[in-house]
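Given as structure tokens, the chain that follows is alone and in the form predicted on its own.
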């Protein structure tokens, strides 16, 4: 029987997916986070790099690979709240429909501050929506990275990514992962590779993913160069963006995931992970 994968192929997973060769008997489709979340839960695909919040919400039927994640410790650069007022004065925030994860994280961060602005679905670039009357706009993914750089850039010979300001063009950018770090001191896990408990992945697929990750991280400058050209961004920006990620779901990442689960879905089922290579059953 064919094993079906669903990939969210944003730039942040390029070091894993760009060089991945699927083994015989495995097929793959691609889509945005909300599409792949739904495809996994409906059984259309058997494994997907889904939003961590969907893994948490459906932990009764899903299990995650033990050593794959899309995590960061500090800024992520591509999950951003663009706003024209201070956070505690925001009244209306436009949300993207593409990502349940970013919305759930924003809701947790607002709740921790005791804030309750109106959240509305609206698509479009941040500065356009701000001009239309929203106080804040939540943007994710490659487009959010480009819009962030448009607001806070450019880099110069002397100025690195970590030196860039958090505002420009009359807009402030709050990086939600950095805000999470300030709140908890933990990494934030945006995505895991999850599968239905009754359809675990073939070992050949998982091994191919590990080989691809090793290849991608080992040639990160090449990966960054390809994607910088596609995104219309300086290669330095994309290389820093990619080396900033944590792709192995290590112990600190799991702590952050558990803390987010407790805050976002307090009644969730136990989070289950497959065995790491060499672990006893």
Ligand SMILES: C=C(O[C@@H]1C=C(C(=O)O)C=C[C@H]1O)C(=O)O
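Positions refer to the first chain, counted from 1. It should be emphasised that the depicted structure is a prediction, and the values quoted were computed from it without experimental measurement.
There is another form of the same protein, the form predicted in complex with the ligand; it is not shown, and what comes next is about it.
Just one stretch in 75 to 83, 163 to 171, 124 to 132, 150 to 158 has heavy atoms within 4.5 Å of the ligand in the predicted bound form, so which one is it? The contacting stretch here is 75 to 83.
Is there a heavy atom of residue 70 no more than 4.5 Å from a heavy atom of the ligand in the predicted bound form? Because a heavy atom of residue 70 falls inside 4.5 Å of the ligand in the predicted bound form, the answer is yes.
Is there any non-hydrogen atom of residue 141 lying within 4.5 Å of the ligand in the predicted bound form? Contact with the ligand, yes.
Might residue 260 be said to contact the ligand in the predicted bound form, defining contact as any heavy atom within 4.5 Å? The answer is no: residue 260 has no heavy atom within 4.5 Å of the ligand.
Is residue 206 a contact residue for the ligand in the predicted bound form, using a 4.5 Å heavy atom cut-off? Looking in the predicted bound form, residue contacts with the ligand do not include residue 206, since no heavy atom lies within 4.5 Å.
What residues, if any, in 11 to 37 have a non-hydrogen atom within 4.5 angstroms of the ligand in the predicted bound form? The stretch touches the partner through 12, 33.
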